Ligand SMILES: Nc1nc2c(c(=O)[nH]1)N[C@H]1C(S)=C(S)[C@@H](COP(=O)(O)O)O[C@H]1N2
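Presented as structure tokens, the chain that follows is alone, the form predicted on its own.
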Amino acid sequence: MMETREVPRQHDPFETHLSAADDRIRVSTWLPPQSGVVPRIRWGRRWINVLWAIPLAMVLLIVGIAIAQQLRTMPGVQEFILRYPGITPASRAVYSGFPLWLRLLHFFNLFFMMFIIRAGIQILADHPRLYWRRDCTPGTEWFRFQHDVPQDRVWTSKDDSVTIPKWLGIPGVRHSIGLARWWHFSFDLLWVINGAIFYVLLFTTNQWQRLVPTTWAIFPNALSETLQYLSLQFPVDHSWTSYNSLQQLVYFITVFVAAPLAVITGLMQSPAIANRLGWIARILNRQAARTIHFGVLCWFLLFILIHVTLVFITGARQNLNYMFAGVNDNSWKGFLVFSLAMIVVIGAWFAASPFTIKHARLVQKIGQTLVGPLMATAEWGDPKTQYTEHDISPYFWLNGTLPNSDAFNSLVKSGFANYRVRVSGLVENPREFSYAELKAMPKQEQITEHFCIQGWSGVAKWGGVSMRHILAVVRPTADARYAVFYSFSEGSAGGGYYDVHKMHNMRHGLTILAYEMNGAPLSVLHGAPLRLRCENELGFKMVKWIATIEFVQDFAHLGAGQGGYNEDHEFYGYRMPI
């Protein structure tokens, strides 16, 4: 009996334009380094260098110390301190000290926060500007560490990214946001799990009494403690059994206000979440969320600075014994454990960036394993949030490498009259649609918010053909699991640009092939003749300059097999709803 072989299915010809990718960052061929400026804050029309905050803080501290010392000579203030000494009542004392679980979670919190903060700074360096309004119009930002946007040439958001040192960011290479996000999100998840365990153990033991105020008297007591610290006459420490009122108030804010706020404002930067929450996303828009998220970062950094300083100047050996050895004596046990812990932290600090550069694909895969299931869950929601024409952004950042082929340039000259988009692959009815045919189909208009992976956002009105309509015409088979969008453009490192979407993304009500933007024909700069709008994903997945669409069962054979050009070459994730 003659053996029959299955004839491999022919893929779209544009597949041959795709390129393989390295599994590490080759710094020599990466986006060249670019310096920014010292961080600045806008005050009216002036930009103020934040380094002025250092001498200003020193002056305020010295003045504060002088005022506090003078106040403590006044009988009324002395009476106030006696009345409100800042000591927690004996009934709230915790005589179990610092148990092992608390000490371990404290160390894990420190370890995870190190990576979260460093990766967060790296992410911010990809769009080094912060705004309050949803619109990211240049000149409206209140904080930046980049120059003014040039007015004499095309300036993309990728051009706007800056380089930060490898010892500070992870991995410390310009426009390495894909890898930075894997570090940030992976350790965010571990940090949240660590925090959840902490909450459970805190409230199932008596340790909650250290952190949770139960009387309004905490405020005058905290003021009293502030005067005592500022006057350099430190109060007697009772941390083994209870925190003083100032410690309790600051710890409470950090644990129960700042930490949840970090999670909430992080999630509100997600297109899949924000574009489902309607009026909530209008109030806490992405840029307001970024600003508050940055404010929480500043709170954590200030807390760490003051906390560590006071640990060492109010009795280092005793304090280290409490939190690192769980003993209340004058031994060196805590210092020894602390030293070993710091060796681990410092070693991880300096190894993170070189490891990421050398093993970038591994970092991507670990991140996808840890965070991928959450990304997949977020994708399933059908985005519905729309805006009004009054909300349309006056400025919409550009991104992507413009097509520069003879075929595309010819289409531009003809006003895309000869443009045809091929829809093929695992479909029952392969088709080619001309530009005129697309415009003759039922038109869908929507005003939605765009979320770029780099951090900027903008609202625009899009007009085009619903993907649901295209699916109804071509009828994908049961084996079709992914839609592949091939672009006329090449990626920044060469090779054809493409991206892959799960089929359920194609069935969302706001997923369209857009040929209009803000009531006018789509410009070439923004993706003409046709671009994808998929409102539960980040912007890089909304392929511009669409050449063909192919439905496939798997994408492992495409490019480097990661699900898209940026996924292959810049280590993004093919699921990016967050």
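When you see a residue number, it is the position in the sequence shown, counting from 1. Being a predicted model, the structure only gives us computed values, none of them experimental.
The form predicted in complex with the ligand is left out here; the points below concern that form.
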Sort through W397, F98, F433, W182 and report the residue having a heavy atom within 4.5 Å of the ligand in the predicted complex.
W397
Contact assignment for the ligand in the predicted complex, among C452, V296, I357, A483, heavy atom within 4.5 Å:
C452
Candidate stretches 252-260, 214-222, 400-408, 201-209 - the one whose heavy atoms come within 4.5 Å of the ligand in the predicted complex:
400-408
Can S489 be called a contact residue for the ligand in the predicted complex at 4.5 Å between heavy atoms?
yes
Taking the ligand as it sits in the predicted complex, is Y243 in contact with it (heavy atom to heavy atom, 4.5 Å or less)?
no
Proximity of A514 to the ligand in the predicted complex, heavy atoms at 4.5 Å
no
Considering non-hydrogen atoms and a 4.5 Å limit, does the ligand approach W456 in the predicted complex?
yes
With the partner left out here, which residues of 536-565 have a non-hydrogen atom within 4.5 Å of the ligand in the predicted complex?
G539, F540, M542, V543, K544, W545
